[in-house]
Every structure is written in C-alpha cells, then in structure tokens.
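Quick setup: one chain, the form predicted alone, written in structure tokens, and binding and motion questions come after.
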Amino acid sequence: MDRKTFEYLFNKVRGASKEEIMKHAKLSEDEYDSMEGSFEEQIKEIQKDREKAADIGPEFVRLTRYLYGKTSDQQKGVHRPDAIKEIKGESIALPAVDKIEKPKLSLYDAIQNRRSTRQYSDEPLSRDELSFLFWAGFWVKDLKSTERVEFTLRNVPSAGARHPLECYLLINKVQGIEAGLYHYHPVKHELVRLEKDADIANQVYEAAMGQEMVTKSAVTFIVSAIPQRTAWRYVQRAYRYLYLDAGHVGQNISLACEAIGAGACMIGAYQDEAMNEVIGVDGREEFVIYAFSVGKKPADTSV
C-alpha cells in the first residue's frame, strides 16, 4: 500500500472532507475520484472493524488468559514448525563472532549511556561491528532439531526458546557491503541479498511514515514475527510473547550499540501494510513487529 492510498483511507474512515483528504494525501481531483470508486468496499470493512478495534486491547489481554486456552498443536502431536527461515539468494558471510574484537565498555556504562539516537554521523559500521550487533540480538549459538521439536538458543530470552523473530536489514553504510535490503541467517551467520534497488531506502522511509533516521542510519533493522513458531506450543497466548521477545532483542541491540560507539532508535510507528510489502511477507503468517535504526553517533550526542 503506497503512502497516498494509506493517507486516503486513514482520513476517509475518520470522516475527513474531500478537501482535507486531498491535502493530506496529496491527491489530484482525478486521483481522489478514482480512489472513491476503487475503495468503497474496503472503507466499509475498515469502518466496521474500527468498532471492534475500540476495545481490542482489553479483549486481547482477557482472551489470552490461560482460562481460555485450547490444546496446543504440540500437545496434539502436530509436526513442529521450522526454527529457521531459509531464503535463497546471493549470500555474504559475516566475520565469525569468536574472531571479532570484543568491546570494552562495561554493562553499567552501556545502560547508563543509552539514549534513543535519531541522528547519525556519516561514518559507516564495520563488518565486525555489524557481526557484533547480530551476535547480541539474533545469532544462534545452538540449534536443537529432532522430528518432535526444533528450537534455538540465542543471547536473548524467548518463550519456550521458540524465537519467532526474523531479521531483515536495510544497509545504507557498512564497509564492504553494498547498500540494499538483506535477510539475516542466524545459524550460518550470513546475509542473503534480497534487493539492491536504489529506491529501497525510500520505500522503507515511506513505510516508516517519513522518519528520516531510517535512511540516514548505517543500517535499519526490520524485525518480523512468525507467530506459528510460538503458537505451536502456546496457542493464542503466543501473541503476548511475540512482543515480549521483540522487546528483549531491541534492548540487547540498544546496549550493544553503546558498546561500539553507535546509537539506536526503536521504531514502533510504521505503516504495517507497506512495511510488510517491503520485506515481502503476507502480514498474517509473518508480519513486521518492530524496527530500529542504527548508526554511529554524531559529535554532538545530545540530539
């Protein structure tokens, strides 16, 4: 979904006038008239679902209590989901985590110094530094796989060691790696190139609702969730755990950034449909759950 379509629908279902919608969505009159004819049914559906959305937060908490839980697929003997997503493509090996230089900053100082950083210097990340960030948030130190169960052990906690998160990466400035969109393989510790279109950074910018730090960063992590990995064991309660797991990763990345003289900004405001389209997922079986921009701090770190 492009920015104009999103702005049209967003304002239309909130009762904005034609003039207001054209202004916010930057539409010509012909574009507005075309959308009026194309999205009539979708608008009705959104308006109907907005009534459900009004109380979805408390209902989500209430209905994911254990009292309402059903028998899990694991208990039923349903074959376990894969713990690792395989994507084919050109791969780029990263420096082995046991070979990279270990940062000297203490944990105390990393926590004390952590701030959301939205402006970055022009200095790129090194491949070692990128490898270190993956080590902190996504790297697999052990994979356990049998016919009955498959799970990974990492440097972040996850409910039942299910680790439902996938990492996609918009690279803007990393030494020796071409700018573009990548997927991280946490067992092979390598990147798989997905897109090197020069416009991909702008697509992420648009999906992030115009937040400039995603294009000014050295890298922007786009984190998706595959709910079935966790729901296989925890059914609907799994959806609580997806967000907890994402928070664990975000905090580790934030602290790891401090250790290498970089900063991060956690991003929860993005257009779901557009961000899912950027990484090529359906928004249901896999969907974007979090993002964070990362870059070396500018000389003035108070910004």
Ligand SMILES: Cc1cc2nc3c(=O)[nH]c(=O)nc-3n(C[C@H](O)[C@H](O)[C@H](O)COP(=O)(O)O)c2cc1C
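Quick note: we count residues from 1 along the sequence shown, nothing fancier. Note that the structure is a prediction, hence the values are computed from the model and not measured.
FYI, the form predicted in complex with the ligand isn't displayed, but the following is about it.
Colleague: With the distance limit set at 4.5 angstroms and only heavy atoms considered, check whether 118, 211 and 290 all reach the ligand in the predicted complex.
Modeller: Each of the three qualifies.
Colleague: Want to guess which of 59 to 67, 267 to 275, 230 to 238, 34 to 42 is within 4.5 Å of the ligand in the predicted complex, heavy atoms only?
Modeller: Looking at the other structure, the answer is 267 to 275.
Colleague: May I ask you to choose, among 80, 189, 85, 114, the residue with a heavy atom within 4.5 Å of the ligand in the predicted complex?
Modeller: Here the answer is residue option 114.
Colleague: Taking the ligand in the predicted complex, which residues of 87 to 106 have any heavy atom within 4.5 Å of it?
Modeller: Heavy-atom contacts to the ligand in the predicted complex: nothing from 87 to 106.
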